[in-house]
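Next come structure tokens for two forms of one protein chain, structure 1 first, structure 2 second.
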Structure 1
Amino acid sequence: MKNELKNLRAEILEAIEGVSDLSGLEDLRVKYLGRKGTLPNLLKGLKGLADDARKEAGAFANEVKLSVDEAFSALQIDLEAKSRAEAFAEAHIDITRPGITPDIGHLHLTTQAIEEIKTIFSRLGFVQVRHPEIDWDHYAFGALNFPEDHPARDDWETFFIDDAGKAAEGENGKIVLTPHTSNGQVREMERSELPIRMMNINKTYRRQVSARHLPMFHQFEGLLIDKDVSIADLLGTFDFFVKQFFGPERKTRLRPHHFRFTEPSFELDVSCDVCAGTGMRENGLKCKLCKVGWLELGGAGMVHPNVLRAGGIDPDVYSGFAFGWGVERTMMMKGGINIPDIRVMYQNDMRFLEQF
């Protein structure tokens, strides 16, 4: 019996030596160790042995079974590892093949800029409102301290609405495509309770077209009216916006300017990012983008007493500031977007739109 066991062990160990895959190993396991396999068959003979002999053969049989099991499981582990490695090799991915971009949509650059500007000002308590894009010239001009004969009210600067060949007229004067979002100022004063912090973002229209000017563009208007509002408040608001929108390293300044509806009036400058506000490039040449380190962002001013009065507000009690600038211009100044001809903005070329 013992010899038979020895021989069987030798046979099994030799047999599994030649096995190269898991299914071959499984076949051998069934053949030798399965319910009807060689080893269990052999062990059935134990019953017929005498007690002592059975005891001895039993112990040896156990030893044989253990060693064979061990050999089987050792090889099992090896073969599993090998098969896994083959499967991995099979699953090899070429990581250099181009990506497949998720099929998302794109918001227009102007929409994106409006969202960003709006978000920053809303943090200062400005709420977005909507006022007409096509409005009475009273709101676009008259209430904003523009005299009747001001050139901006001429046919060649502002679009007027037609009525049977004549400029349409009603109770509040002619009807214009608003050349600025400032028509919202007096409208807001008329409808709102004080104090006011509003932003009016809208389409605006001027009779111009070139690589840098479009007949339709967008303006962003901010209006704050409260007691004791000063230039310092405007400066602080402007500075807050610039540092949020353009970056904390950017500086701001006001320069004197002239607008009919503000007094004093300013132009708002932002330090140039290309030359870091120095006006000179690293190569020693003058910076071509800016004016001595400054870029012009837009206009602003302290609301003119005549405008407050037009909106039914007592200028002896309240004061305020207003600012307005071009959305497209502000966006382009942010850098990184180099659009040589602004006319591409509203032509809907998908190859343009899908870049943003």
Structure 2
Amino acid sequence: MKNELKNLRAEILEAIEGVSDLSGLEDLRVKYLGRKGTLPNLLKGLKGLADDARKEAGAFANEVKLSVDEAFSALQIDLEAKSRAEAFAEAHIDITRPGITPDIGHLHLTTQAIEEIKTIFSRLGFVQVRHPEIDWDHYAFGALNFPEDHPARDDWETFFIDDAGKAAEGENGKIVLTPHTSNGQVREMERSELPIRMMNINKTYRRQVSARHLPMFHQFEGLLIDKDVSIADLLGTFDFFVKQFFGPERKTRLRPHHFRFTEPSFELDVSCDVCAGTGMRENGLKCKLCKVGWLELGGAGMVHPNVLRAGGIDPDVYSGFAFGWGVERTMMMKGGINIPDIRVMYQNDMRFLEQF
């Protein structure tokens, strides 16, 4: 019995030396010291020994158990200290080390364009104002010299606000999602603060979707009313903006056109940056954006006398010019942007947005 105890102690101590973690140590404790472990099973043989031999073997068994328990306890203390040190090293934060740089966003390129447009026109004395993007037909069409049967007033062109299945109406006609920022022209005149040099930038809505059109887009409206305003002032304003926003290398052209609220009326075109004004892409196909080498930025002209009268201004004393351009389309024509489809600007693709 005594020799068996010696051999078992040596076996246990040797096994303990090979343990590297608390889980392994616990498995070893159960194997040798548990209720059904090797040492308790060996000590069951003490019952069959004579009294003197049982007394001597029992005393030695206590020594073996004590030395084994001390070995287990000592290793457990070391492994627990090691575990705490590893956990501390893993969880420890060195406050002197540089932190992880967070991702920093930036303004959407449409917002960037709005800010730049505002800055350029502010140098010419234009003051930004804000007029409704949900407005009465009177301000969106009627006061702007649109006849009742004009196509722009058709349901297939303009979004009308519907109230319980019927178009909402009031003393100023139906309510519409403004198809242009020109609704702010007469509203601004009604303030009776002359001269006027305003810039209205807002969302507008039309029933159009294509590479060049969106059902919701941003437009900026310029309006200047004063005495002795001429087309020369209009051309000078355009020339200043184009050179500031697009750069001196871009070409522009002014085409006669017809708008209900200006007379004479024009459209301003800028040479396409995507195809370099050729109308063709490198693959030999027509430019998907412009098709002809030019992109229409928007309309402009001298404010129609009927519009001035609708705003309470005498056209025999005052004159003025107005223009309205799409912000997105203006941004797309800026050098180096190269966006062939306006719809990609609002698809929330981070791979696209992070480039700007």
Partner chain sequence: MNILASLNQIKTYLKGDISPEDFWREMDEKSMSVEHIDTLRERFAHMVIGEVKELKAHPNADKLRIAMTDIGNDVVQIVCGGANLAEGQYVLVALPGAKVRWHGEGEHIELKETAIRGEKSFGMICAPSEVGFEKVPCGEHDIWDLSTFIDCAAGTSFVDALQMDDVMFEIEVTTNRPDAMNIIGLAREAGAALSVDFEMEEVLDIPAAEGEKALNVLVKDDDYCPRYAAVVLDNVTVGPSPRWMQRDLLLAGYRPINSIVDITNWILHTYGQPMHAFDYDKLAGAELCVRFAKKGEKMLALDDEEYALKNDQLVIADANGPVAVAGVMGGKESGTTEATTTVVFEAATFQKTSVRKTARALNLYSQSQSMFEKGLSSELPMHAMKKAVHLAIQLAGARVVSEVYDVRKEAFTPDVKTLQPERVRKLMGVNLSDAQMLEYLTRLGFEVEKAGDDYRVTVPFWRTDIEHDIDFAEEIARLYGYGNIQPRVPAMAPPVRPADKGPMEESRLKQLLMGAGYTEFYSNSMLSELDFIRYRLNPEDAVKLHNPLSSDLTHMRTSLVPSVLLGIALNQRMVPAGRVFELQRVYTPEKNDLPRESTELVVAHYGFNESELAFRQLRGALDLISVRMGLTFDLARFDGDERWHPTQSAVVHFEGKPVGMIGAPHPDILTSFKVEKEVMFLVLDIETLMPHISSALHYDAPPAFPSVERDLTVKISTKKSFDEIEAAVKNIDGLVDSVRFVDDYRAGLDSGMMNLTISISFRADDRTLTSEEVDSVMERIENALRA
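What you are looking at is a predicted structure, and each value in this text was computed from that prediction instead of being measured. Here, rigid core means the biggest group of C-alpha atoms that superpose within 1.5 Å across both forms. Counting starts at 1 and follows the sequence of structure 1.
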inquiry  = The form predicted in complex with its partner chain: is that structure 1, or is it structure 2?
reply    = 1
key: Core-superposed comparison between the two structures, H257 Cα displacement 2 Å or beyond   = no
key: I196 C-alpha relocation of at least 2 Å between the two structures, rigid core basis   = no
message = Rigid core superposed, CA of L107 - does it shift 2 Å or more between the two structures?
response = no
ask   = For V274, what C-alpha shift in Å results between the two structures following superposition on the rigid core?
value = 7.2
key: Rigid-core-fitted C-alpha displacement of A91 between the two structures (angstrom)   = 26.4
